[in-house]
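The data below hold one chain only, encoded as C-alpha cells and taken in the form predicted on its own.
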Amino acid sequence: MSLPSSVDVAIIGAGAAGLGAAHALRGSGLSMIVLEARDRLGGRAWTVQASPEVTFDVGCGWLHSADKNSFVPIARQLGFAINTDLPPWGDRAFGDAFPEVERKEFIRAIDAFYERLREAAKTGEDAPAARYLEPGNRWNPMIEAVSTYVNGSELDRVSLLDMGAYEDTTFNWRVRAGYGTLIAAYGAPCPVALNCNVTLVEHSGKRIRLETSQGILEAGKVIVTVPTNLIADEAICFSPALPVKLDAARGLPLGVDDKVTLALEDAEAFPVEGHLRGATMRTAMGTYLIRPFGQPCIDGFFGGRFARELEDAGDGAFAAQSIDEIAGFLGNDIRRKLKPLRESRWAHDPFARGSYSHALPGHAGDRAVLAAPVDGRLFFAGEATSPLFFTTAHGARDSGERAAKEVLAAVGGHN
C-alpha cells in the first residue's frame, strides 16, 4: 500500500513482532501502518522454493516450545499442516562419523555442563557461560558448537543468566509449507508499506516524525521492532537520542546462524529425516539434516564465528564447506550427488545484520530495558525483548502483541 501522511500508530518492521502488533491493534479504531524495508513480509522468517522439489526455510524453521508457541494455533486456524514428529537431533547420527558410544559420552558431558549452568544461575550473579565448561573436557569444542547453533555465539560472549532464563519445553514442531510461508500468510491482512526503509525517528514534537525511503510520515505512537544490530549500528536513528536503548541493543547483539540446502541425487538410498554429524572435536563444524520431510536434499546449519567466516568468504562458501564435510563423513562418492541450491547470509543482510540475539555477560537485564516504553509514545518489540522466548519467531510475535497492548493502554490513559 502507499504511504499515508499521518497515522495514529506506525509499526516499524513487518517481521513476526510487527505483524503481531498489527494484529493486536486491528479493531481498535486506531489508524495504523506497518513500514517494511524489504519487498516481502516476515523479516528473518523466509521460505523459498529452492527447487521444484525442495521447500527451504532460509530463516527460522522450527516451532520451538510448540506447546506454548502462539504460532501453533495460528497455523491451525489458517489451515497449515503441522508436523509434530520428534526432531532428529537426539537420534544416533547417520553413518559412522559419530559412533554411538561417543555420542553417549557427549550427551553426558553436555548434560553435566547445563546442570552446572543451572546451579550457577541460582546465585543470581552473571558470568560468561564458558566459565562452566569443565577444564580439559574433550567434548568442550562440540559443546561450544551447540552454543553457536542455539545462541549464534560461542560461550565466552553469552550471559549465564540469559541462557538460564530461556524457556525450552522440548517440544519442537514444523510447518510443512514453511515457517516463513505461515508468517507471511499471518501478515497478509495487515496494512503494510513494503520497500519503505525508516532511517529517522524524530520524537521531539507533539507528533512523531518518521523519515522513510518513501517520504515523511507522522504518527502519534510508534512501535519499533527492528533487530538490535540496526539500533546498535544506528541504521535507524532517534532524535532526541536514546542512549539507554542504544546501550541495551549493544548488550543484546545478534549472533550469526546460517543455513544451506543441497540437492541430493538418488535420495531414496538415504534415510528420511536422518541426522548427520561427526565427532570432529572442533567448534567449526556444521550439523546436517538428511531428506527433511522426505525431500531430495540435505540441509546444513552453521553458527558463531565459523558462520561469520563463511559468510565473509562469499556466495557458495556454505555449500562448499557442507559438501566437503559431508564427503568427509560419508565418502567422496557422495560429492557427485550433491548440488548447491540455496544458502543464507544473515549477517550480510542489511535489514537483519545477524540471526538472533544473545545477551552478553552482564547484560541479561537488557531485554527488559530494551522493551520498556519511552514517554508513552515510543514502544519496542522483537525477539530480543522477549523475557522467556527470545531468539524465536513466536517470542517476537508475542512481544509485538505486548507492545500493542501498551499502546492501547497509553491511548486509553490519555483519553
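When you see a residue number, it is the position in the sequence shown, counting from 1. It should be emphasised that the depicted structure is a prediction, and the values quoted were computed from it without experimental measurement.
Another form, the form predicted together with a small molecule, is not on view; read the next lines as being about it.
By the heavy atom within 4.5 Å rule, which residue out of 66, 37, 32, 50 makes contact with the small molecule in the predicted complex? Contact residue from the list: 37.
Among 322, 159, 147, 225, which has at least one heavy atom within 4.5 Å of the small molecule in the predicted complex? Here the answer is residue option 225.
Quick one: in the predicted complex, does every one of 15, 257 and 391 get a heavy atom within 4.5 Å of the small molecule? Every listed residue reaches the small molecule in the predicted complex, so yes.
Does the small molecule get within 4.5 angstroms of any non-hydrogen atom of residue 396 in the predicted complex? Residue 396: yes, in contact with the small molecule in the predicted complex.
Is residue 61 close enough to the small molecule in the predicted complex to count, meaning some heavy atom within 4.5 Å? Contact check for residue 61: yes, within 4.5 Å of the small molecule in the predicted complex.
Do residue 177 and the small molecule come within 4.5 Å of each other in the predicted complex, heavy atoms counted? So residue 177 does not count as contacting the small molecule.
Can you tell me if residue 367 lies within 4.5 angstroms of the small molecule in the predicted complex, counting non-hydrogen atoms only? It does not: once the small molecule is placed as it appears in the predicted complex, residue 367 has no heavy atom within 4.5 Å of it.
Just one of 102-110, 273-281, 228-236, 241-249 has heavy atoms within 4.5 Å of the small molecule in the predicted complex; which? Comparing against the small molecule in the predicted complex, the contact stretch is 228-236.
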